[in-house]
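So this first bit is one chain, no partners, the form predicted alone, shown in structure tokens.
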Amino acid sequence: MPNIIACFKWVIDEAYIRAGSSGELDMRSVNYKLSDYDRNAIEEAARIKEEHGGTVIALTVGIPGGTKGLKDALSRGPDKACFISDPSFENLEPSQTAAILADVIGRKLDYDLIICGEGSSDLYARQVGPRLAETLGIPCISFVQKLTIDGNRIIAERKVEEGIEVTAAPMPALVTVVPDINNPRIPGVKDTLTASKKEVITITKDDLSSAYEPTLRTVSMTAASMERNCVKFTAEPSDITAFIEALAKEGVLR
């Protein structure tokens, strides 16, 4: 019966971001959500628990206002949550996030398997999982699309250029999963009510063994724009030449 840690991140829901008239991003009405990839991580942890027993802890790092994310995560199957929280943790760099997670996991949590999403919906750096495994000194298998528990080891499948690669590793181990691994469940009313009664372990900055000062700073942020010149061409050589000249004029081709 494995003890599983499912890591997740509470991120801005991009559907609520608006672009201003001058290209700036309007964040005044944004809402937040569980990172899309982390839903797959939590779902896979819940499925393994349903098949093999054990426990699932949902683990996250964030600012105190992210408590809504704990309820969402707990409604998806974990037994309890661990919230590493401080106001200064709003702009953590991926290596710092991994170091904080490793600090808490290594000193306070028992585990056989750690499951992370392939990346977060905001930064999508895809570094936290591998860095966490490296710091803890455990095997890491990334981009997993199928995961099986076989005794004291995991068997993972992932797509590579040549086909499907099958890899095994002893536990404790860490995997990062891709969306193809499962279809995350949609919590019902009963799941949401039950989540409110589950245990949440809160860890503050003072409980960590080291100081982690944020190093990321957003200098500016503007919306992506697309301008169409409406240059039409056919397969005629003269039209293709004109199209290439138009691209060169815009600086696309040199």
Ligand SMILES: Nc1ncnc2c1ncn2[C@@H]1O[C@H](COP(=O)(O)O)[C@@H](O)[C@H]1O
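Numbering starts at 1 and runs along the sequence shown. Note that the structure is a prediction, hence the values are computed from the model and not measured.
The discussion below concerns the form predicted together with this ligand, not included here.
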Exercise for the section: Name the single residue among Q145, T135, Q127, S88 that comes within 4.5 Å of this ligand in the predicted bound form, judging by heavy atoms. Expected result: Q127
Problem - L70, I48, V61, V56 - the one with a heavy atom within 4.5 Å of this ligand in the predicted bound form - result: V61
Exercise for the section: Could you tell me which of 127-135, 105-113, 151-159, 180-188 sits within 4.5 Å of this ligand in the predicted bound form, going by non-hydrogen atoms? Expected result: 127-135
Problem - 4.5 Å heavy atom contact, L101 and this ligand in the predicted bound form - result: yes
Practice task
Determine whether any heavy atom of P172 comes within 4.5 Å of a heavy atom of this ligand in the predicted bound form, and answer yes or no.
Solution key: no
Problem - Exercise: S75 in contact with this ligand in the predicted bound form, heavy atom 4.5 Å - result: no
Exercise for the section: Using the partner position in the predicted bound form, report whether L123 sits within 4.5 Å of this ligand, counting heavy atoms only. Expected result: yes
Handout entry: Contacts with this ligand in the predicted bound form, stretch 142-159 (heavy atom within 4.5 Å)
Key = none
